[in-house]
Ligand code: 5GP
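One chain is shown next in structure tokens, namely the form predicted on its own.
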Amino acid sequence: MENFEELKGLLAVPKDIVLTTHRNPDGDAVGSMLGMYHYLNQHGHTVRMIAPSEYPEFLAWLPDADQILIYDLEPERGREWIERADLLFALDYNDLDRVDKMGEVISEVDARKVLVDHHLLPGAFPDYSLWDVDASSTCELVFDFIALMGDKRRINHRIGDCLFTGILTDTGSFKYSTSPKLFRIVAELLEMGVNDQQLQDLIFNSMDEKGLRLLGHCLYNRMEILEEYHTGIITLTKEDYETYNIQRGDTEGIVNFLLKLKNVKLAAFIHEQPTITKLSLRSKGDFSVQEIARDHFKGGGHKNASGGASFIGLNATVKKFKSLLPEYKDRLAKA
């Protein structure tokens, strides 16, 4: 991390700090923000957290998750916090367009900005960056940040639970983006008191009846397998959202079920929103979905997990996605 000693000097004195993360925050976004929140609070800083939109209900158990301000719901209060801050942390996003209107406010203020992230192609907005595309998650990098500060002894079970949650969800339960370094960090978190079995239960075994019925609908009525291209697709319409009263977080992880099929190497979950069609892409092995998301759907992410968007409607988006598959046919066959 460049200029780390300068940042460390700034943090040696209590500051007004705002932690931010991306729209539609996932486990890594919320976990990294809360992990950093609990760490910085130990040093006497005044720390506030802002997310552009609401986080999924299955993350509500995380310690002090209810302290996260949702910018969509309280923009004036969020702006006031950002304008008052001495330091702004950007956690789990690489550029200000990932935080929508909140990004415009962040770009205008004089506060020093700190990026902690693992996505490709970070923007030029931060003054300090802890960025590593090879990291499994931003939570792994928050652990590294605390270690660089010489403060690993301050990682208590609250911080550990938050960081483990982000690592677990962003790696798909240790299926993606793993490394020897990551497992050493996980071992340390367990030694610090993290109860991995309890966290697995809280994260993955908290589905309600509606969620299970929605999953059944997706697999029975909305799944299409294109054997020639080793690809599976699940779609959801606006009508599905109304019928099942789908809320933020209800579709989390559905795309991963396609990869349980032996011959499926590329999985796409394409779902229709009021004004946009979103895509969640997953893959096995060496096949990169990041390229598809970046080149064709104004998105990005990681090698095996990326997302994008389209403004041409659900049916046209599905047609466009399918039209791309011949271009990747040989690479999918070899993956």
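Just count from 1 along the sequence shown to find any residue number. Note that the coordinates shown come from a computational prediction; the quantities given were computed from them, not determined experimentally.
Only in words, not in the display: the form predicted together with guanosine-5'-monophosphate, which the text now covers.
Inset, instruction - Counting only non-hydrogen atoms, choose the one of 63 to 71, 293 to 301, 49 to 57, 32 to 40 that falls within 4.5 Å of guanosine-5'-monophosphate in the predicted complex. - result: Selected stretch: 293 to 301.
Legend entry - Check all three, His119, Arg282 and Ala305, heavy atom within 4.5 Å of guanosine-5'-monophosphate in the predicted complex: Judged in the predicted complex, His119, Arg282 and Ala305 all sit within 4.5 Å of guanosine-5'-monophosphate.
Inset, instruction - Examine Arg112 and determine whether its closest non-hydrogen atom to guanosine-5'-monophosphate in the predicted complex is within 4.5 angstroms. - result: Answer no; every heavy atom of Arg112 is more than 4.5 Å from guanosine-5'-monophosphate in the predicted complex.
Legend entry - Close approach of His45 to guanosine-5'-monophosphate in the predicted complex, 4.5 Å, heavy atom: His45: no, not in contact with guanosine-5'-monophosphate in the predicted complex.
Inset, instruction - Considering only heavy atoms, tell me if Arg158 and guanosine-5'-monophosphate come within 4.5 Å of each other in the predicted complex. - result: Close contact is absent here: in the predicted complex, Arg158 is far from guanosine-5'-monophosphate, nothing within 4.5 Å, heavy atoms only.
Legend entry - Any non-hydrogen atom of Arg79 within 4.5 angstroms of guanosine-5'-monophosphate in the predicted complex: Output for Arg79 is no: heavy atoms all beyond 4.5 Å of guanosine-5'-monophosphate.
Inset, instruction - Any residue of 94 to 108 with a heavy atom within 4.5 Å of guanosine-5'-monophosphate in the predicted complex counts; write them all down in order. - result: Result: Arg98 alone.
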